[in-house]
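Coming up is one lone chain in structure tokens, specifically the form predicted on its own.
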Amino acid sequence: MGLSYLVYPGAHHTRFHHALGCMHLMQKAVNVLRFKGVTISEDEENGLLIAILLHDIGHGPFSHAMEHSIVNNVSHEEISLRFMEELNAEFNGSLTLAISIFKKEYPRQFMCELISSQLDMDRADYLKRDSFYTGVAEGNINSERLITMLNVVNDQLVVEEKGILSVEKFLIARRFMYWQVYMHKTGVVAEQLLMGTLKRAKELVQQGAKLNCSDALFYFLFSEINAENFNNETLTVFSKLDDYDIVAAMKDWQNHEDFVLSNLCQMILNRNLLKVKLKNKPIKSSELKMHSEALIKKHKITNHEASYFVFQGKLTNQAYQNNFQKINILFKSGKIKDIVKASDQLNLKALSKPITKYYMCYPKKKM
């Protein structure tokens, strides 16, 4: 949930809770499919449970913030895979099947879909969990019903006809949760400020400035880490990082002499964030320039320093990616149709189109 608790105070649950929930739902899915005559061996079941338990282990502090700031272009999926490979070596190859499923290389396709697809155990857990903890009732889905309706045809996961309404609710709930929670404008600006904080800290450390922080965090601030040099040592240090490293560092950095770093930290810690405007059309560069010039004049800072407080971006969401991996409905006749064609809910066609919104952030007058 990253910094969503700044909007929804109850959203303090962790990925550990989510991982356990996913594993619980996977166990239910395996039992349902076995009851319907799908053969799943004990080894395959263990592989599925291990893969879903570890699918998010590569996430750093505050969810996605690390991927775009102090680690260069190394996704959490890649880091998750590295952790699984290390554990596999430690446990004498007992994670080999789980890794194969996680990488979508296992020949039984439906098992890979249970881990990662448009209707996987990951989404079945996080939508219901995040809806509960944020209090956003529109995101609540009936994951039990969805799992009960699962089946396998031609090695692909399908949902039985009786489950159409549950799938419709699932897709609509996903749209609500993305725009009301995951892409809530306050959460977005807070995450951008956090990424800016880490980038600025890295910039200062590499210029020779002294910053107090944990050894694990300093390692990533001092080093240029990318996919090529992300080795076992880096993985070990990465495993020691969590949200507390970042929060403790920001509590110290808020008093730093650097204008940018201290202000970014104060904004997050005191929840005194930047103003954010959300629009359906791209932001005019003249608007950004106006706010940037005003900030530069007031505080006598550089263009580069001002860019930490005045910036733009865009948010894109597609609730149902029917060009990626379809949710197929199995009718009693044996016919299989994509949910958009099977449903009489016209909204689903709209949900399969990507929606883009543009945002601009700039300081409040009192800064």
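Values in this document were obtained by computation on a predicted structure and should not be read as measured data. All residue numbers are counted from 1 along the displayed sequence.
Keep in mind that the form predicted together with a further copy of the same chain is not shown, yet the notes after this line are about it.
Contact with a further copy of the same chain in the predicted complex, defined as a heavy atom within 4.5 Å, holds for exactly one of Glu138, Glu224, Glu105, Glu293, namely Glu138. With the partner omitted here, the residue from Phe110, Tyr133, Phe259, Phe230 that has a non-hydrogen atom within 4.5 angstroms of a further copy of the same chain in the predicted complex is Tyr133.
None of the heavy atoms of Arg123 is located within 4.5 Å of a further copy of the same chain in the predicted complex. a further copy of the same chain is not drawn, but in the predicted complex it has no heavy atom within 4.5 Å of His18. Interface membership of Asn88, defined by any non-hydrogen atom within 4.5 Å of a further copy of the same chain in the predicted complex, is ruled out. In the predicted complex, at least one heavy atom of Ile172 sits within 4.5 Å of a further copy of the same chain. Considering a further copy of the same chain in the predicted complex, the lone stretch of 158-166, 284-292, 80-88, 201-209 in range is 158-166 [heavy atom distance within 4.5 Å]. Contacts between 238-277 and a further copy of the same chain, taken as any heavy atom within 4.5 Å in the predicted complex, involve Lys240, Leu241, Asp242, Asp243, Tyr244, Asp245, Val247, Ala248, Lys251.
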